[in-house]
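In structure tokens, the next block holds one chain alone, the form predicted on its own.
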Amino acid sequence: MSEAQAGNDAAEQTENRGRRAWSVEADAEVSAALRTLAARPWLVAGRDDETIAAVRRNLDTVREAFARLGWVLVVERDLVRLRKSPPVRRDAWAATAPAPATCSWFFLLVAAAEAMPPRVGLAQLVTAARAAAAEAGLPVTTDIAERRAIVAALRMLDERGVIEQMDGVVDGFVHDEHAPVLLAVHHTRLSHVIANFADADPSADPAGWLALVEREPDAARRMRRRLVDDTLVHVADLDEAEADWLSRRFRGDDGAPLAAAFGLHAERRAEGAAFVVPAEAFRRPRELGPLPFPTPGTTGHAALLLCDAAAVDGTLAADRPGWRAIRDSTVLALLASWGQQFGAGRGGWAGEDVDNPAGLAGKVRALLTGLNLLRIDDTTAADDGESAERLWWFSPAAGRWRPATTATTRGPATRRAARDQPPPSDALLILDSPER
């Protein structure tokens, strides 16, 4: 037996031992904690005490479930931090991520906070961050666009409990550089801001650094992450090893126990698979993550209507089993028609979207692309003698929901009520966070 063969056999035996050893001991409390951490990797004392207590009560089980994904759970006295892998479909998530300027100031403020006292004024922190920007060769304009980016970055840090607002109003900085705002800097949490590291230099080779951070050679672990971290997995997107895992282990000793640990249903179709959130597992759509669906509002309603239109009249293609296409011009015509049908204002669609179907199409595109329910083919040529036109390809999963027959009511009270209502059916899980 060769040394390489011996190594492969040892690896297979280890994998088999791992497959036999892993069992699900999760209950509803554990499942809820796993889902919360996957959607919000930062839990901070004073704000998330109930979930932190649940994590501590079930720490071994929670860590074991995340270990199946290669994710590390950090538990400190006043902080629980899940170190996740970068999200799949980087480009789709980047489309809905914070603006580049906000991301830059996020890290500049982190760099500046290292040398700040535990309590610091906003103006002092911003001055240090601008000095860090100048040192890094980044432009400092001090204009209103920059101040807005700084405020947005401060909100992101506040959400993570890294730099918290103690007194004053951060938003006031947009119009007043000297707005009296007192901030608390949690130095022990600063070290947890960057979840993933790589040996390459991100400034010299950003693409290479990202590739190293995202690299996961084990196909089984890649599939587990995709199923937990993304809406659904399409067979057509998988390599040979991933497709083999999906066919042999999705319902068996790996996928099904993982879905059960998170309190999810494993759903398998010929075109792909998904972990589905049962309706009783959440109270509000926003608990599912940053891109819940279906959702009320003009964009969510228009997206549902387009999914239904594709299911009824979309064009099928032999090389995309189950996918249905609608021409770009048809999308714009449908949105314009529905805008006129539902009208603008109370009880109808947002006026700006009724007046601008192209703008609404962009919002719907961003939503459905982020959900992995839509692919845009910019290079498709017409085969019927007409001019070439961009096609909207809707995933087979887009047909699982039925649209409402009326527009969303838009009064403040009814908007709040609609926001707090669960979707009408089981939802596909969207769990992600921009800082991974």
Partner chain sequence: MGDSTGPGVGSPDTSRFEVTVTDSRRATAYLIAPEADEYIAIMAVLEASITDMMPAEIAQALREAGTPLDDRLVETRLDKLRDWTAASARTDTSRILRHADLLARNWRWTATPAGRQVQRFYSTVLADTPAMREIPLSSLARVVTALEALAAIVPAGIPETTDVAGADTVEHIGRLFISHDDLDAALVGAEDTLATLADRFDLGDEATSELKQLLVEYATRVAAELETGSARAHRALLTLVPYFEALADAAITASEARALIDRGALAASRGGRRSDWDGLVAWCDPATGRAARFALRLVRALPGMHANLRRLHASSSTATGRARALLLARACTDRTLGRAIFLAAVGDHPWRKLYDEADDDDLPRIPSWRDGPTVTVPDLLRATGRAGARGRPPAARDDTAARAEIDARRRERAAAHLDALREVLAASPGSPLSTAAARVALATLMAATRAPAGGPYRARRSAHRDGLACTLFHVPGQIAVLRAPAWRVWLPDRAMVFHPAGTRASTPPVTSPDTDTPVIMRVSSGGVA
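Numbering follows the first chain given and starts at 1. Quick caveat, the model's predicted, so the values are computed rather than measured.
Only in words, not in the display: the form predicted in complex with the partner chain, which the text now covers.
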| query | finding |
| --- | --- |
| Partner-facing stretch of 174-182, 215-223, 357-365, 317-325, counted where any non-hydrogen atom is within 4.5 angstroms of the partner chain in the predicted bound form | 317-325 |
| Every residue of 38, 108 and 301 near the partner chain in the predicted bound form, heavy atom within 4.5 Å | yes |
| Residue (of 243, 99, 145, 256) lying close to the partner chain in the predicted bound form, criterion heavy atoms within 4.5 Å | 99 |
| The partner chain: the contacting residue among 210, 332, 123, 260 in the predicted bound form [heavy atom, 4.5 Å] | 210 |
| Residue contact check: residue 270 to the partner chain in the predicted bound form, 4.5 Å heavy atom | yes |
| Residue 169, heavy atom within 4.5 angstroms of the partner chain in the predicted bound form | no |
| Partner contact for residue 353 in the predicted bound form: the partner chain, 4.5 angstroms, heavy atom | no |
| Non-hydrogen atom contact residue 77 with the partner chain in the predicted bound form at 4.5 angstroms | yes |
| Sequence-ordered list of residues in 115-139 near the partner chain in the predicted bound form, where near means a heavy atom within 4.5 Å | 115, 116, 118, 132, 135, 136, 138 |
